[in-house]
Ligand SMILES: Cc1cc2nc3c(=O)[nH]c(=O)nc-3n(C[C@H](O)[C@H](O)[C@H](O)COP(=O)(O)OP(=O)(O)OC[C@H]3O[C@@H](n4cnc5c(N)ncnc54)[C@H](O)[C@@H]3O)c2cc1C
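Single chain ahead, written as structure tokens, the form predicted on its own.
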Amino acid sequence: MSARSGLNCDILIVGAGLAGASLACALRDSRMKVAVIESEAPPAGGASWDQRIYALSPASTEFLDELGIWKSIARNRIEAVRAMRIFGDDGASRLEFSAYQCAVERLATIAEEGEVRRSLWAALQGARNVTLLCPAAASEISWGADSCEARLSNGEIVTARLVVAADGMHSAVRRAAGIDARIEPAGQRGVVANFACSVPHRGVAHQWFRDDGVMAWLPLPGQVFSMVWSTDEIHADELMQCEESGLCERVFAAGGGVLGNLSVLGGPAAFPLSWLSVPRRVGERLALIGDAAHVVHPLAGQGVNLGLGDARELALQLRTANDRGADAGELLALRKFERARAEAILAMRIATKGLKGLFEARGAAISRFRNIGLNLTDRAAVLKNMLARHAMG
């Protein structure tokens, strides 16, 4: 739908990526009026694989199923992770998780960002209480005691009780609200590419902690996988400058040839890696979700799951507040949301920074320590299952 002058709503969501669109879907058919501002619609799907591939936790797929959109994603575009193998930098140490050992169907599900986003958008099209403003951008946002006002780039105005910032790491809403984000560059870039492999992956994800960074292979349908190599700037440049045959040789060697001969299906592409944290994720008539509120290193593959968890919890608190007749911008409900998400966000931040620091540390003693730790954890079934279930939650 196109924007209308003087549009009034209860909740204005700025940004319709996975976090923002899933929040809007979770609020559709509620008694609240929702408006969503987004600069561009998701591109049409194609035969090639997206460069943005996500490992969705069981909790995330459960949320998407609750929204009614999981079933609309083509089954030939998703892949179950049945096991994960993690290798230390000594070439011998390893840690393996399996769905069978954890008594679950799958550890995660690999899906493309575009496929999930298109399904969310399709669900929003017929929602009676959701107005999707696209293409549109908020050029100015101001907050008052009883409402917020967003002026669109075309001069039209949207008034809301609550503004939700879901507009990414460089959030304009967060800046307008005067919240200073702490951005810590990781000194690395994530190099991504998709490959066909000659040996079936059988739903196994692989991750190597190496001297030149952390490399992960995520299984896709058929004999295809997506690679993310988190590495320093110099090595990232080298990988980006490789011809396809040279890139295949490097990735093959780094993975010990476990999936046989490789051929490039898409990429490479590279993006800078950082951590982002904020002093607060809510304020007067304001809530931050997804990358606008937190960014973690991709070595744990949990960034998208944190964002979907934000959307799920915020929708719950807003619906609960609405049921008792409260204003959508009530600070009490927003603080309940913030407290409910604090532990998961902090734990993931500590875990990713700790793992990166541990495997970047040099020296024979620390190398032995971390590789022995991998092997000991692999032998401790109870500890392994606890770690796996935490990641799946």
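Numbering starts at 1 and runs along the sequence shown. These numbers come from a predicted model, not from an experiment.
Just so it is clear, the following notes concern the form predicted together with the named molecule, a form of the same protein that is not shown.
The candidate stretches are 279-287, 231-239, 167-175, 314-322, and the one lying within 4.5 Å of the named molecule in the model of the complex by heavy atoms is 167-175. For Tyr54, a non-hydrogen atom is located within 4.5 Å of the named molecule in the model of the complex, even though that partner is not displayed. The closest heavy atom approach of Glu38 to the named molecule in the model of the complex falls within 4.5 Å. Proximity of Ile86 to the named molecule in the model of the complex: non-hydrogen atoms within 4.5 Å are absent; the residue sits far from the partner. Using a 4.5 Å cutoff between non-hydrogen atoms, Val81 does not count as a contact of the named molecule in the model of the complex. Between the named molecule and the residues Ala108, Val130, Ala205, Ala136, the one pair within 4.5 Å by heavy atoms in the model of the complex involves Ala136. A heavy atom within 4.5 Å of the named molecule in the model of the complex is found for exactly one of Pro268, Gly114, Gly303, Gly255: Gly303. Scanning 6-44 for heavy atoms within 4.5 Å of the named molecule in the model of the complex gives Val14, Gly15, Ala16, Gly17, Leu18, Ala19, Gly20, Ile37, Glu38, Ser39, Glu40 in sequence order.
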